[in-house]
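What follows is a pair of forms of the same protein chain, given separately as structure tokens and numbered structure 1 and structure 2.
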Structure 1
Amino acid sequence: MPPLIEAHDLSKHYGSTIALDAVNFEVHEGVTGLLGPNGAGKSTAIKLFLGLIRPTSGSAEVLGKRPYDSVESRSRLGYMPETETVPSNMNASEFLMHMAQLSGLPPAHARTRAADILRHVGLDEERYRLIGEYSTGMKQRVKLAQSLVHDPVLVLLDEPTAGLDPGGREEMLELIRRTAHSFGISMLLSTHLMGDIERTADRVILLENGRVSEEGALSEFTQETEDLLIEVDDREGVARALSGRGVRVIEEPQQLVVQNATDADYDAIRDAVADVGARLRRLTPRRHTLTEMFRRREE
């Protein structure tokens, strides 16, 4: 399967400001996280892939075509912008139908697709209400729906959880994950939030100062450690029992951590849980987080 996006020595300069500096990377099927702080070049990369701007040098290919040469290549591309971009005086059904037609679908097909996608994002019941009356989370779902309504091969998401409260963020990330893994629609998720990437992405491209500083599968960045995570209902009791067996245990808010666990520690944990009569919910090797990776890079 050829890459969905290919960036070859891709550069974009705005006067003396270098937004992207000869970057090379590929985006394949699945969810790819484009991670980086503000000003790293993420938005510039997205604009280049959408064909809204031309590169200063190098080239970008999206779905096998140069997007800035022809607008037709956008027919199979979806885009969910960071800013609020929904009309306040239309209902969601009418809006999605219009967006589907703008992507080239005939009216009858556009109507069916609009209904299907609104059901998938959980707005089926609210489809005839004016979007101006929606909550922030519902508007965000309309934004995601318009990016999917024409059944794109690839969707570019720009800070999809911006402005959402914790509950809304969870729902949006779950929706993105489900869309990608159940619907088979590939996604490039641009964000500065590592948690969003960890929750959804298969691969990560780390942009810093217009350059790719790290790239690879998410699992490479979040490899298993020697530490063991233990989730039990009686955390204090199990911690005491483990200490009594000579196992050094760290109590964290939701879990216990045994650092550099050996085979003997596994036996001790089994026995401690049995002695206390606690319910063992989870016993798993701890993984590195992207946050730790960034912390290590800064050190």
Structure 2
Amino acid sequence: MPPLIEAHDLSKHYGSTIALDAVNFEVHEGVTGLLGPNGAGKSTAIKLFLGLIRPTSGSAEVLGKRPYDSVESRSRLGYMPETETVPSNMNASEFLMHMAQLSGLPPAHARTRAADILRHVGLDEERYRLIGEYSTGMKQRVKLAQSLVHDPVLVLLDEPTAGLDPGGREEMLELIRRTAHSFGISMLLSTHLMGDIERTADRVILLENGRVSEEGALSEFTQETEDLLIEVDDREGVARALSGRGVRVIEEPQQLVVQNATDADYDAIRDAVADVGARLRRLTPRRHTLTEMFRRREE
């Protein structure tokens, strides 16, 4: 399959400030994380792909077209901005119907599509409340909903968990994952939070100081270790049983960890869980995180 997005020697300068410096990368189907600290060039890249600004040199292509020269490619994109852009004096149903009609859907189709998307993002029962009365998390869901209402091929998400508490953040990331998998809509998720990428993305592109410093499949950066993660409903009981079998266990808030596990340790875990009568929820090798990868690179 051809890439959805291509950056070819893409540069953008604002006077003497270089936001992007001759970057090259591709975005394919699935969920791609555009990761980098504030000021790395992520928002500039998003604006270029949306056709809102033109590059200083090089090119940005979306679905084979340059979006700053072609309305066709822009019509097949969805966009969830970081800033609060939803109207406070409309309800969510009216707003989504309006956005769907702006995208070319006839009124009857727009009404049905708006209702379906609001149900998908969990706002079905709140669709007739004014958006100004919504919580931050609900407003974020409205922003995601309007980016999906015209059934785009690709959605660009700019800091989609901004302003959310930990629970709301996890709900939003789960919603993004579910949208990509259920609807088959590809996502480019721009964020400075590595955890958001680890929870959602198939691939990652790291921007630093306007340049691509790393890119590839997420699995390349989060390789399995020899440590085992154990999630059970009786952590203390299983930990005691394993210690009695000579297995060194580290207790963490939600799980047990056996470092450098051997085949004998697997047998001991099985027997300990059975003896205690605990329910085994998960047994899996621990993976390196993006944070660990960057820390190793800096050392």
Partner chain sequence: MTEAQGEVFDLGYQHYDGPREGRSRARRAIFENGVRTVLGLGRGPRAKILPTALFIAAMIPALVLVIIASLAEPLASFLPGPADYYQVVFMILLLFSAIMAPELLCADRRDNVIHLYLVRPLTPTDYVVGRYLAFFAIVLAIVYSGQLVLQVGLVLSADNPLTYLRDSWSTILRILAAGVVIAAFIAVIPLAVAAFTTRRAYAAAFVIGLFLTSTAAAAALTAPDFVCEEIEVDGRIVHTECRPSGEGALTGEAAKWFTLIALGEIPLRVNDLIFDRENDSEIARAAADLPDALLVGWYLLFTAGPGALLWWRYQRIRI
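Reference numbering: structure 1, starting with residue 1. Only the largest set of C-alpha atoms that superpose within 1.5 Å between the two forms is called the rigid core. Fair warning: this is a prediction, and the values are worked out from it, not measured in the lab.
- Structure 2 derives from the form predicted alone, whereas structure 1 comes from the other one.
- Core-superposed comparison between the two structures: the C-alpha position of residue 255 differs by no less than 2 Å.
- Core-superposed comparison between the two structures: the Cα of residue 50 travels less than 2 Å.
- With the core held fixed between the two structures, residue 270 has its Cα displaced by at least 2 Å.
- If you overlay the core, the Cα of residue 72 moves by 3.3 Å between the two structures.
- With the core fitted, the CA of residue 235 sits 4.6 Å away from its counterpart between the two structures.
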